[in-house]
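So this first bit is one chain, no partners, the form predicted alone, shown in structure tokens.
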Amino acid sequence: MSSNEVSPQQRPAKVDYLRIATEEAFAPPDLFNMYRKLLADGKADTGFASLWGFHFSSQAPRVQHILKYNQDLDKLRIQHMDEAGIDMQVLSLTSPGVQAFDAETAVDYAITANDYLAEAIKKHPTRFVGLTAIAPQNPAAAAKEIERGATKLGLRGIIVNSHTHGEYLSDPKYWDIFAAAEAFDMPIYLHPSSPPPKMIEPFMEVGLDGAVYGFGVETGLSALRIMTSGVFDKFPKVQMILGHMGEALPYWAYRLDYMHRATVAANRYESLKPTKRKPSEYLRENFYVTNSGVAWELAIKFAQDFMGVDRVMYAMDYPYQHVVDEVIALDNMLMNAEDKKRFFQTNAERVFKITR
């Protein structure tokens, strides 16, 4: 048996629900070559250079697993899905996607990546659905690609990686993206990226800039900026998704409400104006969360209690986190059958318009 195989005794049991994993990454083979060139040309920012420079030079088994299986959308990936009991993956271009490039390259490659994804879905229509990669560097082109993903490619949402060269979607110059998402009823998955240069140094000094902590802090900031900027007051139907148990925001909700209200009332910042609703209300009404990378029953149940059982979904975070025992642990959560089915299956079916 190879190191990538799982014995029948280790496999999750048959269950009365589908397991739909909602934050699963892929990379067309040429993307990594483009990343290598970006590094070689010295055009990558600090976080990208640190993360991908390490990935392309390390022989660590986990890193090699990540590189290999990001690039497979066929037999090897489906073998892993079968071994882990995963019925379907919701696929998104791996972070930072096209957002590391200049605008022209990003717009062109987003089209290429989305076409590549659509072809893989055609080959395995019962196992994969996908999210549209966009280039925020050109918001008008991003809006156009959202339309193409929705109307021509059959993609079921949008993937955006937190910041783009240190700029955030909270800036009104990016709001064509929200307008298109609302117009075509496409949820936006806000995925982590390495913190930008202005933010990353204190994290890097102690090795906390990646998924261990920095990703979550920076992505939570990105989401909170969107809430407090008035995006959802202008585009109230827009729905967003946060992985990793909401990047901690549900657990901060009480203090976010209190201090947001107090800071606005004090008129301390010109950039922080009143919004129609509290941060916690935007979280409950405009966001879904997934448990990607967090196979922890206690956290999942808190999120279900705070967000509502209809707004928490399952994700594995493949291939970055590929642990079959975590699937088994979540199958064994002490949770009524209806809520467990919502978590693993029916919430994802509704959000991503999955029909079988």
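These numbers were taken from a predicted model, which means no experiment stands behind them. Quick note: we count residues from 1 along the sequence shown, nothing fancier.
Heads up, the form predicted in complex with a small molecule isn't pictured, but that's what we're talking about next.
task: Specify the contacting stretch among 266-274, 117-125, 176-184, 87-95, defined as having any heavy atom within 4.5 Å of the small molecule in the predicted complex.
output: Heavy-atom contact with the partner occurs in 87-95.
message: Considering non-hydrogen atoms and a 4.5 Å limit, which listed residue (H80, H244, R156, H163) is close to the small molecule in the predicted complex?
response: It is H244.
message: To verify the annotation, which of these, L221, I111, A211, A253, has a non-hydrogen atom within 4.5 Å of the small molecule in the predicted complex?
response: None of the others qualify; the residue that does is A211.
message: Under a 4.5 Å heavy atom criterion, is F215 part of the interface with the small molecule in the predicted complex?
response: Yes.
- request: Classify K37 as contacting or not contacting the small molecule in the predicted complex by the rule of any non-hydrogen atom within 4.5 angstroms, answering yes or no.
  value: K37: no, not in contact with the small molecule in the predicted complex.
- prompt: Do R62 and the small molecule come within 4.5 Å of each other in the predicted complex, heavy atoms counted?
  reply: Flag for R62 set to yes.
- prompt: Would M307 count as touching the small molecule in the predicted complex under a 4.5 Å heavy atom rule?
  reply: It does not: once the small molecule is placed as it appears in the predicted complex, M307 has no heavy atom within 4.5 Å of it.
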